[in-house]
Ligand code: FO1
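A single chain comes next, written as structure tokens; it is the form predicted on its own.
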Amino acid sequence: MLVALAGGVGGAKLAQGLMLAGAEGSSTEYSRTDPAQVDPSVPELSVVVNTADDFEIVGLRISPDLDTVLYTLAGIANPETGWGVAGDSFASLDMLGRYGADTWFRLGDRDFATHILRTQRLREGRTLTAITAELAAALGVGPRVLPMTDDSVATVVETPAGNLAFQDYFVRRHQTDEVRGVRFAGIESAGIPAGVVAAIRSADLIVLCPSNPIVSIGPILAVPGMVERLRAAAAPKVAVSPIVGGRALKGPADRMLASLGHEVSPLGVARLYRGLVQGMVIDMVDADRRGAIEELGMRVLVTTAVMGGPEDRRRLAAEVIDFGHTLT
């Protein structure tokens, strides 16, 4: 069984690859976990997703990373942006703008349906985990998509202009502010959902997807008790670098790493994951960092880590799975 930690477009792409590779199998024996320790209710792939990006707009609860993962696994994500629904229209947003509402966060009409239903279910008292399972089933998504927590957590970005809510920094202000610090408001009281606990316990491989290590993977690891559970799990842990050739494949990870004093390279990412993962996957253009990463106590797979379409994602995922199982 696979567990992936993910956030953003890069994480969603590899999660889709893991789904495809898991369905087709890889060249290595897939499950090595003691059957007595496996929870039969856990599917072959569980994706634990960052929810610290969640926020409210026009009275609706928006979960950007959860939706990006859901839409990607369902095969309906916009291929041009990686987020939103392919072919969506924006009539509702245009009407909101006509009424004078601020429309800086682009929500499509079909995307609105997701947020409306999620908000309604939350007001009925259902958990985000249960709601996400309902949405996934309706979209025909086989893997279990799990929020990192059912509690409210919000990423706050510290900049020279003051503290910014993550989506203000990321979308409204186009990631132009220098990041001087990041904190997760409410994280100290966040709990780990039972489904996440079961998935980690049943895993025979845990993959940290090529997501921003500061604001996508970082919040997941910051949930109290999460790192301890991951370390205690018998499954090997592999991280895929989101930095290739000194740049982020998507988003502001490279600028964040630099402004927070980290090396903008797979080595810089590996240092953040030191003590947690046993393996690191890096792109061939960064092969010169292999020795330094191995000095941290990690094994390294050098491959083509940049993903294109679904077949390319499946290829990388199969390599990650095979590599991960050599770490046992």
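Numbering starts at 1 and runs along the sequence shown. Nothing here was measured: the structure is a model prediction, and the numbers come from that model.
Below, we turn to the form predicted together with this ligand, even though it does not appear here.
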query: Residue contact check: residue 107 to this ligand in the model of the complex, 4.5 Å heavy atom; finding: yes
query: Residue contact check: residue 268 to this ligand in the model of the complex, 4.5 Å heavy atom; finding: no
query: Residue 64: touches this ligand in the model of the complex, heavy atom cutoff 4.5 angstroms; finding: yes
query: 4.5 Å heavy atom contact, residue 8 and this ligand in the model of the complex; finding: yes
query: Location of this ligand contact in the model of the complex, chosen stretch of 219-227, 125-133, 167-175, 190-198 [non-hydrogen atom, 4.5 Å]; finding: 167-175
query: Partner contacts for 83-101, taking this ligand in the model of the complex and a 4.5 Å heavy atom cut-off; finding: 83
